[in-house]
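Have a look below at one chain only, the form predicted alone, in structure tokens format.
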């Protein structure tokens, strides 16, 4: 049995619960996915399946992508990732994985890329307080001292400084599943998930 599925972030909306509470929810198109490769202990040293999601035109794919997809009797895909599978589960090459794998799941983990925000200062990147905002101050947003004089005489590795913000893979754990629409391959989860609209996601069952 496959423990997860691939999807795409559609956007956010709102749901009302039966007791009148308003919930912010994220709408995800989850599947259908094709099994492009089956990993086994005998051949690869572990159990997993390679899932592919969201079709791509052949003219935009290279020969290795076309050949890899042909082995699974499908078209080239835009998003390909490995997902864990229960040992001994029967998963066949070319099989279609749908939202049915998350049918009775109440909590999921979402893996995706955060929005890239470019170069950012320490106040935006690390939530530094900043300097005095009073009249006459010339140190409003700089980081302050980043090292000492003789000892250690250098900037410590990992020092929080200005730099590139966002655009990194993160995992949001234990997201509550609000609704599953299998007919339209839509999954609704409570709260926000990483990435912009149209970004790809890996959705796994929470442990």
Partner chain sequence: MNIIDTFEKSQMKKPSYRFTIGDQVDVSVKIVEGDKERIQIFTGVVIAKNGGGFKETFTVRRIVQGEGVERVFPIHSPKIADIKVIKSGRVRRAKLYYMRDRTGKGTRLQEKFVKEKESPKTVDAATTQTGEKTTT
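Residue numbers count along the first chain shown, from 1. On a predicted model such as this, the values are computed, not experimentally measured, just so you know. Superpose the two forms; the largest set of C-alphas matching within 1.5 Å is the rigid core.
The protein also exists as the form predicted in complex with its partner chain; that form is not presented, and the subsequent description refers to it.
In terms of contact with its partner chain in the model of the complex, the residue from 180, 172, 27, 165 that brings a heavy atom within 4.5 Å is 27. In the model of the complex, at least one heavy atom of residue 186 sits within 4.5 Å of its partner chain. Residue 13 belongs to the set of residues with a heavy atom inside 4.5 Å of its partner chain in the model of the complex.
Put the two forms on the same core and the Cα of residue 11 is off by less than 2 Å between this form and the one not shown.
Once the rigid core is overlaid between this form and the one not shown, residue 20 counts among the residues whose Cα shifts by 2 Å or more.
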